[in-house]
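One chain comes next, on its own, written out as C-alpha coordinates in the form predicted alone.
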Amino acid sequence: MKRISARKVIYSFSRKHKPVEHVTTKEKVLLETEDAFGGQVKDENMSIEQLDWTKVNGATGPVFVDEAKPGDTLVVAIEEIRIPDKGVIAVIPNQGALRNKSFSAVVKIIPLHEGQVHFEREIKVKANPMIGTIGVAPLVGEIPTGSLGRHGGNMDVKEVTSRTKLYLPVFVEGALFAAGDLHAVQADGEVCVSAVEVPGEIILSFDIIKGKSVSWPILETQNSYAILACGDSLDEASALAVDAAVEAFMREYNWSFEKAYMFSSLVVDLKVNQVVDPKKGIRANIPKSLMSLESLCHGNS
(Lines give C-alpha, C1' and ligand atoms only; values in the text may rest on other atoms or scores of the structure.)
Protein backbone atom coordinates (compact mmCIF):
# COMPACT_ATOMS: atom_id res chain seq x y z
CA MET A 1 0.00 0.00 0.00
CA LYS A 2 1.38 3.38 -0.99
CA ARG A 3 1.56 6.02 1.73
CA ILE A 4 1.43 9.72 0.85
CA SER A 5 2.67 12.17 3.46
CA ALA A 6 0.60 15.10 4.71
CA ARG A 7 3.55 17.25 3.63
CA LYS A 8 2.42 16.62 0.04
CA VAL A 9 -0.31 19.22 0.22
CA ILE A 10 -2.08 21.48 -2.26
CA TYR A 11 -4.35 24.46 -1.65
CA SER A 12 -6.14 24.39 -4.99
CA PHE A 13 -7.44 21.85 -7.48
CA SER A 14 -5.71 22.48 -10.81
CA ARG A 15 -4.13 20.63 -13.71
CA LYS A 16 -0.98 22.69 -13.09
CA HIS A 17 -0.04 20.62 -10.01
CA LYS A 18 2.45 17.83 -10.57
CA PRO A 19 1.30 14.48 -9.19
CA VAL A 20 3.00 13.33 -6.00
CA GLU A 21 2.23 9.66 -6.74
CA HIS A 22 0.99 7.43 -9.54
CA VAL A 23 -1.41 4.60 -8.68
CA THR A 24 -3.22 1.88 -10.58
CA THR A 25 -6.83 0.88 -10.19
CA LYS A 26 -7.55 -1.44 -7.24
CA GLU A 27 -4.26 -0.39 -5.59
CA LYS A 28 -4.72 0.72 -1.99
CA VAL A 29 -3.44 4.17 -1.05
CA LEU A 30 -3.05 5.75 2.39
CA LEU A 31 -3.29 9.53 2.52
CA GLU A 32 -1.99 11.30 5.60
CA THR A 33 -3.85 14.56 6.16
CA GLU A 34 -3.49 17.65 8.31
CA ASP A 35 -6.55 19.23 9.90
CA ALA A 36 -8.31 22.15 8.22
CA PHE A 37 -6.23 24.63 10.23
CA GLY A 38 -3.02 23.12 8.89
CA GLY A 39 -2.01 21.89 12.34
CA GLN A 40 -1.55 25.47 13.52
CA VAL A 41 -3.94 25.33 16.49
CA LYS A 42 -2.08 23.80 19.44
CA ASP A 43 -4.22 24.95 22.36
CA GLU A 44 -7.27 27.03 23.27
CA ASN A 45 -5.14 30.13 23.84
CA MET A 46 -4.32 30.26 20.15
CA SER A 47 -5.57 33.50 18.59
CA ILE A 48 -7.41 33.15 15.30
CA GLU A 49 -5.56 36.26 14.14
CA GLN A 50 -2.29 34.31 14.40
CA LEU A 51 -3.34 31.79 11.76
CA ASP A 52 -1.64 31.80 8.38
CA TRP A 53 -4.78 31.67 6.23
CA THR A 54 -2.78 30.60 3.18
CA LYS A 55 -2.14 27.29 4.98
CA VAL A 56 -5.72 26.22 5.74
CA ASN A 57 -8.03 23.72 4.02
CA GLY A 58 -5.15 21.81 2.47
CA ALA A 59 -5.63 18.52 0.62
CA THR A 60 -3.07 15.72 0.29
CA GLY A 61 -2.06 15.02 -3.30
CA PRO A 62 -2.58 15.18 -6.16
CA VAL A 63 -2.60 11.51 -7.09
CA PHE A 64 -2.37 10.47 -10.76
CA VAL A 65 -4.68 7.51 -11.40
CA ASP A 66 -3.38 5.49 -14.33
CA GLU A 67 -5.81 5.11 -17.25
CA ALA A 68 -8.16 7.85 -16.02
CA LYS A 69 -8.99 10.00 -19.05
CA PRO A 70 -11.21 13.03 -19.63
CA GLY A 71 -14.79 11.85 -20.05
CA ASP A 72 -14.38 8.94 -17.62
CA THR A 73 -15.74 8.66 -14.10
CA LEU A 74 -13.30 8.12 -11.23
CA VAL A 75 -14.63 5.73 -8.59
CA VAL A 76 -13.16 6.38 -5.15
CA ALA A 77 -13.74 3.60 -2.61
CA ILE A 78 -13.24 4.98 0.90
CA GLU A 79 -12.20 1.98 2.95
CA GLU A 80 -11.15 3.44 6.28
CA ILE A 81 -10.71 6.81 8.03
CA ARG A 82 -8.40 6.93 11.04
CA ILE A 83 -8.44 9.87 13.42
CA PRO A 84 -6.50 10.76 16.61
CA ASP A 85 -7.69 11.32 20.19
CA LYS A 86 -8.45 15.03 19.94
CA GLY A 87 -9.66 17.67 17.50
CA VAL A 88 -10.43 21.36 17.39
CA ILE A 89 -13.49 23.48 16.61
CA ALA A 90 -13.68 27.26 16.32
CA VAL A 91 -16.12 30.07 15.85
CA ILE A 92 -14.80 32.96 13.80
CA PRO A 93 -16.41 36.41 13.59
CA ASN A 94 -18.11 37.19 10.28
CA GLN A 95 -18.19 33.50 9.38
CA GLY A 96 -20.86 30.81 9.44
CA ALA A 97 -24.62 30.82 9.18
CA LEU A 98 -24.85 33.59 11.79
CA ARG A 99 -22.07 35.72 10.33
CA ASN A 100 -24.16 38.90 10.72
CA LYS A 101 -24.29 38.56 14.51
CA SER A 102 -21.64 39.98 16.82
CA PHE A 103 -19.58 37.33 18.63
CA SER A 104 -16.03 36.60 19.71
CA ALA A 105 -13.48 34.26 18.19
CA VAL A 106 -13.27 31.09 20.31
CA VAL A 107 -11.14 27.98 19.89
CA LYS A 108 -12.08 24.74 21.69
CA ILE A 109 -10.01 21.55 21.90
CA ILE A 110 -12.26 18.47 21.79
CA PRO A 111 -11.15 15.12 23.29
CA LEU A 112 -12.12 11.94 21.42
CA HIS A 113 -12.37 8.64 23.25
CA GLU A 114 -13.83 5.24 22.36
CA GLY A 115 -15.83 6.55 19.44
CA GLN A 116 -17.25 9.49 21.38
CA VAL A 117 -16.67 13.22 20.88
CA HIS A 118 -16.50 14.83 24.35
CA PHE A 119 -17.83 18.34 23.76
CA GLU A 120 -18.18 18.83 27.51
CA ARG A 121 -17.48 16.44 30.41
CA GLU A 122 -21.04 15.10 30.43
CA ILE A 123 -22.04 15.98 26.87
CA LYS A 124 -20.89 13.48 24.26
CA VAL A 125 -21.64 12.95 20.58
CA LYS A 126 -21.00 9.77 18.63
CA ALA A 127 -18.02 10.20 16.32
CA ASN A 128 -18.60 9.87 12.58
CA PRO A 129 -15.24 10.39 10.83
CA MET A 130 -15.78 11.93 7.39
CA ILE A 131 -13.89 13.66 4.59
CA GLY A 132 -14.67 17.34 4.09
CA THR A 133 -12.56 18.01 0.98
CA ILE A 134 -12.26 15.45 -1.80
CA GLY A 135 -12.02 16.00 -5.53
CA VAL A 136 -10.15 16.14 -8.82
CA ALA A 137 -8.61 18.82 -11.03
CA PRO A 138 -11.08 20.87 -13.11
CA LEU A 139 -10.74 21.17 -16.88
CA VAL A 140 -9.48 24.75 -16.73
CA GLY A 141 -8.45 27.23 -14.09
CA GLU A 142 -7.64 26.80 -10.44
CA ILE A 143 -10.25 26.22 -7.72
CA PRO A 144 -9.24 26.74 -4.06
CA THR A 145 -9.48 23.62 -1.90
CA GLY A 146 -11.83 25.61 0.35
CA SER A 147 -14.42 25.81 -2.43
CA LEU A 148 -16.60 23.24 -4.20
CA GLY A 149 -18.03 22.50 -7.63
CA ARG A 150 -18.59 19.78 -10.20
CA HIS A 151 -15.04 18.57 -9.50
CA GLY A 152 -15.90 17.92 -5.83
CA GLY A 153 -13.75 19.97 -3.45
CA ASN A 154 -14.81 21.26 -0.03
CA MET A 155 -18.25 19.68 -0.17
CA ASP A 156 -18.48 18.90 3.59
CA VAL A 157 -20.91 16.01 3.11
CA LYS A 158 -21.26 14.20 6.43
CA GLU A 159 -22.02 10.92 4.65
CA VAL A 160 -18.60 10.76 2.91
CA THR A 161 -17.40 8.17 5.41
CA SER A 162 -15.80 4.73 5.49
CA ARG A 163 -17.40 2.09 3.27
CA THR A 164 -18.86 4.56 0.83
CA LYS A 165 -17.96 5.27 -2.78
CA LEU A 166 -17.65 8.62 -4.50
CA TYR A 167 -18.01 9.00 -8.27
CA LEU A 168 -16.20 12.01 -9.71
CA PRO A 169 -16.05 13.30 -13.28
CA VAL A 170 -12.58 13.15 -14.84
CA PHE A 171 -11.56 16.36 -16.59
CA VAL A 172 -7.79 15.87 -17.03
CA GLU A 173 -5.51 12.91 -17.63
CA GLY A 174 -4.92 10.98 -14.41
CA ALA A 175 -7.76 12.88 -12.67
CA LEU A 176 -5.27 14.49 -10.20
CA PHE A 177 -7.16 13.43 -7.08
CA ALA A 178 -6.64 14.94 -3.62
CA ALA A 179 -8.41 14.82 -0.25
CA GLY A 180 -8.21 16.31 3.24
CA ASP A 181 -10.15 18.31 5.85
CA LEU A 182 -11.21 15.37 8.02
CA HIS A 183 -13.95 15.85 10.63
CA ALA A 184 -14.53 13.66 13.68
CA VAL A 185 -18.18 14.66 13.47
CA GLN A 186 -20.22 17.24 11.59
CA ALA A 187 -23.94 17.90 11.32
CA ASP A 188 -25.62 18.86 8.05
CA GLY A 189 -24.93 22.54 7.41
CA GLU A 190 -21.66 22.83 9.39
CA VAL A 191 -23.34 25.99 10.68
CA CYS A 192 -20.55 27.65 12.69
CA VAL A 193 -18.03 27.25 9.77
CA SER A 194 -16.05 24.41 11.37
CA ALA A 195 -16.71 20.92 12.65
CA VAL A 196 -14.43 18.90 14.93
CA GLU A 197 -11.39 19.30 12.71
CA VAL A 198 -8.82 16.51 12.89
CA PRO A 199 -5.71 15.25 11.13
CA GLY A 200 -5.74 11.60 10.20
CA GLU A 201 -5.31 8.90 7.61
CA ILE A 202 -7.54 7.83 4.74
CA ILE A 203 -7.25 4.40 3.13
CA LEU A 204 -8.85 4.26 -0.30
CA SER A 205 -8.66 2.67 -3.74
CA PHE A 206 -9.72 3.71 -7.22
CA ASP A 207 -11.60 2.32 -10.18
CA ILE A 208 -12.65 3.88 -13.47
CA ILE A 209 -15.87 3.84 -15.48
CA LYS A 210 -14.60 4.34 -19.01
CA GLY A 211 -16.27 6.70 -21.46
CA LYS A 212 -19.08 7.82 -19.16
CA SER A 213 -19.25 10.78 -16.83
CA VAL A 214 -21.38 12.06 -13.98
CA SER A 215 -22.66 15.63 -14.21
CA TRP A 216 -22.12 16.11 -10.46
CA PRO A 217 -20.23 14.05 -7.88
CA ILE A 218 -22.30 11.04 -6.83
CA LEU A 219 -22.03 9.44 -3.38
CA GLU A 220 -22.99 5.80 -2.99
CA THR A 221 -23.92 4.59 0.49
CA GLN A 222 -25.41 1.26 1.52
CA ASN A 223 -28.95 2.25 0.58
CA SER A 224 -28.81 5.33 -1.63
CA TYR A 225 -27.15 7.40 -4.31
CA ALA A 226 -26.75 11.10 -3.58
CA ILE A 227 -26.22 13.78 -6.22
CA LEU A 228 -23.89 16.39 -4.69
CA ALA A 229 -24.75 19.73 -6.27
CA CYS A 230 -23.85 23.29 -5.34
CA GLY A 231 -24.87 26.82 -6.25
CA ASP A 232 -24.54 30.43 -5.22
CA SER A 233 -27.63 29.98 -3.02
CA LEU A 234 -29.49 27.05 -1.50
CA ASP A 235 -32.29 27.68 -4.01
CA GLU A 236 -29.88 27.37 -6.93
CA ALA A 237 -28.17 24.31 -5.46
CA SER A 238 -31.55 22.66 -4.85
CA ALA A 239 -32.69 23.33 -8.41
CA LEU A 240 -29.48 21.86 -9.85
CA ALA A 241 -29.72 18.75 -7.66
CA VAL A 242 -33.39 18.19 -8.52
CA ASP A 243 -32.75 18.74 -12.23
CA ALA A 244 -30.04 16.08 -12.20
CA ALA A 245 -32.31 13.67 -10.31
CA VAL A 246 -35.23 14.23 -12.70
CA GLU A 247 -32.99 13.67 -15.73
CA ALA A 248 -31.70 10.44 -14.18
CA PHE A 249 -35.27 9.17 -13.67
CA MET A 250 -36.10 10.08 -17.27
CA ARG A 251 -33.21 7.89 -18.41
CA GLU A 252 -33.93 5.10 -15.91
CA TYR A 253 -37.58 4.59 -16.88
CA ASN A 254 -37.80 6.34 -20.25
CA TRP A 255 -40.25 8.78 -18.69
CA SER A 256 -41.34 12.24 -19.73
CA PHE A 257 -40.02 15.20 -17.75
CA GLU A 258 -43.41 15.64 -16.10
CA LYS A 259 -43.65 12.04 -14.88
CA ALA A 260 -40.04 12.02 -13.61
CA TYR A 261 -40.59 15.38 -11.86
CA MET A 262 -43.68 14.05 -10.07
CA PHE A 263 -41.93 10.86 -8.99
CA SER A 264 -38.96 12.85 -7.68
CA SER A 265 -41.34 14.69 -5.37
CA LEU A 266 -42.20 11.32 -3.81
CA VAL A 267 -38.78 9.70 -3.39
CA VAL A 268 -35.94 12.25 -3.64
CA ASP A 269 -34.81 13.68 -0.31
CA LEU A 270 -32.99 17.02 -0.42
CA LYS A 271 -30.46 17.49 2.36
CA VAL A 272 -28.18 20.43 3.13
CA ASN A 273 -24.44 19.69 3.10
CA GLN A 274 -23.12 23.09 4.17
CA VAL A 275 -24.30 26.70 4.26
CA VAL A 276 -21.06 28.46 5.23
CA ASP A 277 -19.05 28.65 2.00
CA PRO A 278 -19.70 31.13 -0.81
CA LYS A 279 -21.22 28.20 -2.73
CA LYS A 280 -23.88 26.23 -0.88
CA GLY A 281 -24.15 22.44 -1.04
CA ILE A 282 -27.23 20.27 -1.46
CA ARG A 283 -27.46 16.51 -1.92
CA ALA A 284 -30.37 14.77 -3.58
CA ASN A 285 -30.71 11.30 -2.01
CA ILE A 286 -32.28 8.61 -4.20
CA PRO A 287 -32.98 5.05 -2.95
CA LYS A 288 -30.76 2.54 -4.76
CA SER A 289 -33.81 0.31 -5.22
CA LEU A 290 -35.21 2.92 -7.63
CA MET A 291 -32.10 4.06 -9.52
CA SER A 292 -29.22 2.44 -11.37
CA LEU A 293 -25.68 3.74 -11.50
CA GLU A 294 -25.90 3.57 -15.29
CA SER A 295 -28.61 6.25 -15.33
CA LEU A 296 -26.43 8.54 -13.20
CA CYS A 297 -23.30 7.99 -15.33
CA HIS A 298 -25.03 8.94 -18.50
CA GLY A 299 -22.48 9.83 -21.16
CA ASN A 300 -19.44 11.78 -22.16
CA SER A 301 -18.62 15.02 -20.32
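Since the model is a prediction, treat every value here as computed from it, not as a measurement. Start at 1 and count along the sequence shown; that's the residue number.
One more form of this protein exists, namely the form predicted together with another copy of the chain; it is left out here, but the text below deals with it.
- Proximity to another copy of the chain in the model of the complex, defined as a heavy atom within 4.5 Å, holds among 215, 186, 73, 147 only for 186.
- With the partner removed from view, the residue among 200, 129, 96, 138 that has a non-hydrogen atom within 4.5 Å of another copy of the chain in the model of the complex turns out to be 96.
- Another copy of the chain is not shown here, and in the model of the complex it never comes within 4.5 Å of any heavy atom of residue 165.
- Interface membership of residue 238, defined by any non-hydrogen atom within 4.5 Å of another copy of the chain in the model of the complex, is confirmed.
- Looking at residue 195, you'd find a heavy atom of it within 4.5 angstroms of another copy of the chain in the model of the complex.
- Under a 4.5 angstroms non-hydrogen atom cutoff, another copy of the chain in the model of the complex lacks residue 53 among its neighbouring residues.
- Residues within 4.5 angstroms of another copy of the chain in the model of the complex, judged by any non-hydrogen atom, belong to 254-262 and to none of the other stretches in 254-262, 58-66, 45-53, 28-36.
- In the model of the complex, 89, 90, 91, 95, 96, 97, 98, 99, 101, 103, 104, 106, 107, 108 are the residues of 81-113 with at least one heavy atom within 4.5 Å of another copy of the chain, listed from first to last.
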